[in-house]
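Below you will find one chain, with nothing else, as structure tokens; this is the form predicted alone, and questions on how it binds or moves follow later.
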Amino acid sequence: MKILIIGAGVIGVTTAWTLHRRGHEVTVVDKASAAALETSYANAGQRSYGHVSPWASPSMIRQALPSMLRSEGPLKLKLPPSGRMIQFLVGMSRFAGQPALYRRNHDAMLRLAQFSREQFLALEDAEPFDFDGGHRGLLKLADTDDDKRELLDIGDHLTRLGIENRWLDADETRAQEPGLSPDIAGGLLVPGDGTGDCQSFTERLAERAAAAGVQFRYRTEATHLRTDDKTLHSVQLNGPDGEQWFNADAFVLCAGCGSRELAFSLGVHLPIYPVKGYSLTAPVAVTARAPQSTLIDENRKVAITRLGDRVRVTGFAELADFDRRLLPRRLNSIRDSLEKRFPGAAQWDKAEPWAGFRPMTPDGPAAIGLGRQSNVYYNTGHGTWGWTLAMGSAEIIAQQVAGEEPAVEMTAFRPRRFTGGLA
């Protein structure tokens, strides 16, 4: 089968790899000059299979306003809000106010994440290459007794789903992460979680895919569609060689924040919003002071990850449409968060700043599967979890293209679930 994939981030490249391995003729197009130059470029670096959850949670309603009022609060809005931002906030609030839906979506995302972990391990065993990856566990930190109770509840839920975890007291937490500052109550360890440089992984997998026969066409944008209610016949591509129509048997939309407009052209309402996040990546200054693996600081809402001889800290959820500015106060805030947890760990004079857009749906789960046309598949809108869910999502698409029953229940991920004005 001839298949066109739109998008060369980690989702598009893993999808291309998985489909090619099943014998399909695959072409990938992206408007950027290379793979993984948008959301995949400098994300948190965490493959958080036991940490995935919908952003639209009941706790979000309680936390949102206080967070916006605090100067260091993790949630920020650019004012005045755009119509697109208001639409997203209204939809998110509506979903966040449905605890039963949140629980169903949360469980669905965790199950897909565990499947993704299996697929990552299989790939790394069959096609070993270096991307500063590993599976040394993820640690969620607790500063207070209230934090501890909340994390113990999370641990109980993970246990019910068969996901290994264990509570560490203060001494055990520092034994797990010797460089961690002493002011800690403990932490919840999810030992199966992992790390990895998403950009490096995507680049290397794209190289292997290209060597195996996958065609990559960069600086190329999908501009027009020839479609009807049942079938997408061809896509007009505008690239270095001019405009041309590309015919295929099937199409997979993996364009992240760019998916919304393309989906609309196909009659699918996909209210993805670009939630902006910041990261700083710096060389390790003193190995003994640096993190060993990956951590979540729930109080400061930052993620801290060790990537080989570097350390990365990421944070903030800024709703500012496509404003790409690197605001110094945001960078200083996440820098301070790492410094408080791991003082002296990073060479800040050599830090690389970045800001990117997480393709967020208002309810949380990505859009994965068939849309309105019988030959158009969606694999997009993963929010903060694209790196974690990439291999699982890719394998699900390959199964659906082959007409197989997906390995994971996918009701929560239906691309057309927003039809009817739900968001």
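None of the values given here were measured: they were computed from a predicted structure. We number the residues from 1 along the sequence you see.
Omitted here: the form predicted in complex with a small molecule. The next part is about that form.
- Although the partner is absent here, Glu38 is a contact residue: one of its heavy atoms lies within 4.5 angstroms of the small molecule in the model of the complex.
- The shortest heavy atom separation between Trp55 and the small molecule in the model of the complex exceeds 4.5 Å.
- Residue contact check for Ala32: one or more of its heavy atoms lie within 4.5 Å of the small molecule in the model of the complex.
- Within 4.5 Å of any heavy atom of the small molecule in the model of the complex lies no heavy atom of Pro74.
- For the small molecule in the model of the complex, the listed stretch (99-107, 151-159, 226-234, 250-258) containing residues with heavy atoms inside 4.5 Å is 250-258.
- Checking Phe216, Phe115, Tyr278, Phe342 against the small molecule in the model of the complex, a heavy atom within 4.5 Å turns up for just one residue: Tyr278.
- Contact with the small molecule in the model of the complex, judged by any heavy atom within 4.5 Å, is made by just one of Leu141, Ala222, Ala209, Leu319: Ala222.
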